[in-house]
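Okay, so here's just one chain, in structure tokens, the form predicted alone.
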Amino acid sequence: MTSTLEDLRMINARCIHCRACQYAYSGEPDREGQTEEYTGMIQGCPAGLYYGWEGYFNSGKQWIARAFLNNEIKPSKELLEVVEACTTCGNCETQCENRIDTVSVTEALRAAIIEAGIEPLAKHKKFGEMVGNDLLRNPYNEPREKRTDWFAGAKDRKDVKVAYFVGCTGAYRQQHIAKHTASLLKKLGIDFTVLTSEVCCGSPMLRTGQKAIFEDVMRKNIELFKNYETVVFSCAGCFKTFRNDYPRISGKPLPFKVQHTMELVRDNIRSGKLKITKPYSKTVTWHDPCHSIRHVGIAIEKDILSRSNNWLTDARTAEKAKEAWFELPREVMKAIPALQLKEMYRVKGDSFCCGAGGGVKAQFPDMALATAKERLKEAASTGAQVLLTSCPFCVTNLSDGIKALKEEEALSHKKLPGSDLEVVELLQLLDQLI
């Protein structure tokens, strides 16, 4: 099942503490941003930027993992607090020239500390209690039977080939995203259903080191959806967890195909079945969700290289395939009439995190908010009116960041960059335009 920290010892040993993982665009130091502040080689680690100490950067965490493996550091609550203060965004993995699976090491280190007898941090422990409770099966403490109340269509159908995995945030907190996704799927001519027995994908459990609960919900979801040909997603985190983590941790391929709804839109645009005619006359910038863009792109690259007999040639193929995935939402946006896209400086694999992932928003809300405000500041530097993204959690945290900026403005009577931005989910926009 799940790789232990010991299993990753040799991967972790490749870290030479060069600290390249602390930056974004470390391979493009001459690239210019919209402003001087966003030009050149800038730091890209949310935890490192917020706390400032080496142990909070990935470079420090990799050496903490090595010390833990060598019994040079003992498990403690204080150690877990440092290791958990990470959004697992994966920017460090993008920058690493030694191709270290940095996020897997960090997640395994969290699990190893908990398995050594240290209790999960308070909010994370509560997650586990709620997701592990058969009456809830979600981290929001909501009744399980209300998970699909938002859906007006026929549920639990067995006569269709496609099921929509809604996810906890879409089901309980960002229901408008779930509703727009369902509407969009219907407009694309996809006959689908939602399942009332759906449980949390387990991402919050895996990210915070609670392996047993994660493996439990993983098995339940695989069993629940095994008779469908395709499972589609609107949640970036759920998509990444199913696509990347379930096969890696179970050791078996999924019995169904997984697709993000954005892929379906892109495929229909390419085939000519979908032509968007309604204009969207606004200047937008795009925030790449870490889970569905960077993590999936890295996984595509690794999969090609894992089957390669000649990295010299196949590395180029892998890089092109990864870049093609990064372009997916951009290809969709280009099909929207009148939409003007102005890119931020840190994009695609180098994108800066919204601040919500890895259990950070619940346990370290100040860090999550500070990260969101930094990303909003970068978005504002482009001159865009709208910040587009496609992830319920990104929408939540970036919207919270705007609210916080407006509150700060009211107190200081000083204009803050990013406070005027509008955060819009791209799937919602597409449903309104098609």
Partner chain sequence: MYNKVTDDVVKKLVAICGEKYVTTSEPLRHSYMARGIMGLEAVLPEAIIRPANADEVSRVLVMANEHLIPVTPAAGGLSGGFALPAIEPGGIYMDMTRMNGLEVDVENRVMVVEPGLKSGDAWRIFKTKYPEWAPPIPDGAPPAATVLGDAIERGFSLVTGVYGPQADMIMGLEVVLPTGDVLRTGSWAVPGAKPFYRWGPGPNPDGLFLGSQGSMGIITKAAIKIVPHPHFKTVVAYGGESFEDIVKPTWEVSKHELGIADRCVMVQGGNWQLVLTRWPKTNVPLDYEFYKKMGMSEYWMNYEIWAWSQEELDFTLKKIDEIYKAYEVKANTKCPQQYLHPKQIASRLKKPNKIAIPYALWEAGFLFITWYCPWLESANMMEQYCAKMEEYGFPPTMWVASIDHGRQAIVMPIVCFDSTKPGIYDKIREFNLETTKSFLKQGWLNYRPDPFVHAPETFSLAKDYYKMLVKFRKVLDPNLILHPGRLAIPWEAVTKLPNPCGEPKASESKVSKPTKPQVKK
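Numbering follows the first chain given and starts at 1. These numbers were taken from a predicted model, which means no experiment stands behind them.
Form predicted together with its partner chain: not shown, discussed below.
79 is the sole member of 185, 114, 296, 79 with a non-hydrogen atom lying within 4.5 angstroms of its partner chain in the predicted complex.
Distance criterion of 4.5 Å from any heavy atom to its partner chain in the predicted complex singles out 312 from the list 135, 122, 152, 312. The stretch that touches its partner chain in the predicted complex, counting heavy atoms within 4.5 Å, is 28-36, out of 28-36, 366-374, 387-395, 400-408. With a 4.5 Å cutoff on heavy atoms, residue 99 counts as touching its partner chain in the predicted complex. Taking the partner from the other structure, its partner chain in the predicted complex has no heavy atom within 4.5 Å of any heavy atom of residue 380. In the predicted complex, at least one heavy atom of residue 60 sits within 4.5 Å of its partner chain. Though the partner is left out of this view, residue 223 does not reach within 4.5 Å of its partner chain in the predicted complex, counting heavy atoms only. Not one of 192, 256 and 266 comes within 4.5 Å of its partner chain in the predicted complex, counting any heavy atom. Looking at 71-96, the residues that come within 4.5 Å of its partner chain in the predicted complex, counting any heavy atom, are 72, 73, 74, 78, 79, 82, 95.
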